[in-house]
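Here you get one chain, nothing else, as structure tokens; it is the form predicted alone.
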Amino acid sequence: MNEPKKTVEVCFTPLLFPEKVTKESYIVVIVDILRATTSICAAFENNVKKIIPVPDYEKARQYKEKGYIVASEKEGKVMDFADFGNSPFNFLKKEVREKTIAYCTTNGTKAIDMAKDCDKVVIGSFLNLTALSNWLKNQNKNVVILCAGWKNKFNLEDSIFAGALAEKLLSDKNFISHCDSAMAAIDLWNISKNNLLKYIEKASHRHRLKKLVLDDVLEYSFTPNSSEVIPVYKNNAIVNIN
């Protein structure tokens, strides 16, 4: 008897996650392209030891008081107690190699906290797109792609990545989707994939970053397959298992 196919579901915002239809044996892929999940993948590419995702700023401040390196931003701006903010380039510096970093952001770390009690939680970005899709195919579990969005609202950059990943998974005969959000995400990906940087000019967060002079990360954030890292949430921290 053939084993049932695994499903792919997309939640365009964290508000939709509690309403997901996937109920058992699933992996959650957290997506925050600009910039948290890109930064996490960059960190492990740079041999950071561990990242502790922190859901609120008071707890992040407490980690700083305990002597941790803290990366934290709110709406793009570095928090006054933090060592640095949310740019992936901060996580690529030699000073953070082999270190543990406590990390708190506007959207991404809150999405991680929301999903932390699920079967497995993994971090997705364009950097590790193919490595992640191959790893997911080998897990024999349903997949829920959770877009961090912007303050619980839909955003383009996370949704486009969700489409890229969903398309890769659904190219495998062992996966299926009855999720309209997955289909819409794939359509967005196919519209934008030939010139991601041009398409992302439509994204509101791209212009927030531009206003803050933080948009130097765009090309890096939308470059697929520069990393093989698989960052997984385990025992209250994120580690690279690849």
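Start at 1 with the first residue shown and count on from there. What you see is a predicted model, and the numbers here were worked out from it, not measured in a lab.
The form predicted in complex with another copy of the chain is left out here; the points below concern that form.
At least one heavy atom of Phe154 is located within 4.5 Å of another copy of the chain in the predicted bound form.
At the 4.5 Å threshold, heavy atoms of Leu218 stay clear of another copy of the chain in the predicted bound form, well away from it.
Contact annotation: Lys202 falls within 4.5 Å of another copy of the chain in the predicted bound form, judged by heavy atom distances. Contact between Lys193 and another copy of the chain in the predicted bound form is not found at the 4.5 Å heavy atom cutoff. No residue in the set Asn46, Val48 and Val232 has a non-hydrogen atom no more than 4.5 Å from another copy of the chain in the predicted bound form.
Listed stretches are 118 to 126, 67 to 75, 94 to 102, 155 to 163; the contact stretch with another copy of the chain in the predicted bound form is 155 to 163, by a heavy atom cutoff of 4.5 Å. Residues His178, Asp180, Ser181, Met183, Ala184, Asp187, Leu188, Ile191 are the members of 172 to 197 with a non-hydrogen atom no more than 4.5 angstroms from another copy of the chain in the predicted bound form. Legend note: Cα of Thr109 to Cα of Val21 is at least 3 Å closer in the predicted bound form than in the depicted form. Relative to what is shown, Glu19 and Met183 are farther apart in the predicted bound form; their C-alpha atoms differ in spacing by at least 3 Å.
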